[in-house]
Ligand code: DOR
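Here's a solo chain for you in structure tokens, the form predicted on its own.
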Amino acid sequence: MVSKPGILITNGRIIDPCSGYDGNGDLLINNGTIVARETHIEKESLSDVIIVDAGGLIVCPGFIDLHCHLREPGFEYKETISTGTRAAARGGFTTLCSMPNTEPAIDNVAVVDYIRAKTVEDGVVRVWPIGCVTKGRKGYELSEMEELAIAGVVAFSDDGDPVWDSNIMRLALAYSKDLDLPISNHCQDHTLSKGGVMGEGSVSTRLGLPGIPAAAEEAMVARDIALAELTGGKLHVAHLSTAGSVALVREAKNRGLSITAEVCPHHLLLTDERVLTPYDDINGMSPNDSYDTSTKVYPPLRTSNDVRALIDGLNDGVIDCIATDHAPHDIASKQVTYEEASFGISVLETAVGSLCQLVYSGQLSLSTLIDRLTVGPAKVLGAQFDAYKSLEPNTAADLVLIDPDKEWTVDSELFVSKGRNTPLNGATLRGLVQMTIVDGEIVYQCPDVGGKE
């Protein structure tokens, strides 16, 4: 086994919510492991190390994204494991959990093995597959969940579609308890949301677009909570978007139910008004045409009241983590009418910059933000992810360096991801990833950051 060169990161502000550490200091990495975290480490005593001056930068654990779409196998024209993991590294994500709406779907061991092999061959960050709840994601028959768990999936989901059959969901949650793996459900009652393309409300009415009512999400969240209580299963509610859903999860947690939930960056920052009037940046508006298909996402953007509730839930821990729901698409899927356009936003490369806006506006602390991108998702996924959520000595050297004051303008043409579909194109953001390290190796380095032997 070839040893990796050591890395000494100096002068950074180290924020490690898992251990409660927040202070200036140095980190020493050797053979993929953090071996020291101290106020000062004498570099003169070290040899064969890369020294990185992190002055003015935040140093924190690498982000864990428990909900993204890498599209491979089957839709490589939208994204591949190679392009998706490189986009992740650019965004500070060191671990990705890939959703199973591929072709073929991740409902058998062969597809799990393929994804793991492709990650070794082409990936630059960790990729853990999420297996299907039902065969082919069709909703009629449970997948071979135990076989998938043995093969290495870290959760189960039919994402892109809900597990619509209540009895199937009940059985899945019962199995999840035995397998100790969460069921992540895309909560949308299709009998309520069918035909809808954006959040139902005054904006959809003004634009003449069919809406998706908040009740479509909330009805299924309520059903799943009831089934989780019945079975004792491990329920994870994907991409909350409504105030009512936050209230349901809060009430369930107050009753002691073991339920977790996530929220996406776009649901924390944008409202349905963005469909009506595009932004020049996320602090102002421009008079461009409405019906920007880059805003079409599922679940849809909703009202400012919903956004406030989501931020409150993130702050008080009702919402455990932030997940990107990175959903890259080819140009042809978005350059059509709003009704015909595909749902989804490319998120990995803009997540940090957009979320930092919540910090600078005083709506979220930096420590809470980092916690919800590291400790939160690790908690959902279980003990095997404990090594990736902290910067304590003897943990995996997965970390990210961020310049919190760096202003930059989103230019989707420069994305590493194949998906250029973002409503933030042209926005000026503050906060930029400067370096990403996975297992002790530098996998991304912003051009203006230097290291020396």
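Note that the structure is predicted; figures quoted are calculated from it, not measured. Each residue number is its position in the shown sequence, starting from 1.
Just so you know, the form predicted together with the ligand exists too; it's not on screen, but the next bit is about it.
This chain lacks the partner; the member of K379, R250, K234, H186 within 4.5 angstroms of the ligand in the predicted complex by a non-hydrogen atom is H186. The contact with the ligand in the predicted complex, taken as any heavy atom within 4.5 Å, belongs to D159 out of D272, D159, D371, E349. The closest heavy atom approach of Y298 to the ligand in the predicted complex falls within 4.5 Å. The ligand in the predicted complex is approached by D325, whose closest heavy atom lies within 4.5 angstroms of it. Remark: G201 does not count among the residues lining the ligand in the predicted complex, judged by a heavy atom distance of 4.5 Å or less. By the criterion of a heavy atom within 4.5 Å, N101 is counted among the residues contacting the ligand in the predicted complex. Contact with the ligand in the predicted complex, judged as any non-hydrogen atom within 4.5 angstroms, is confined among 115-123, 67-75, 139-147, 218-226 to 67-75. Residues F343, G344 are the members of 332-348 with a non-hydrogen atom no more than 4.5 angstroms from the ligand in the predicted complex.
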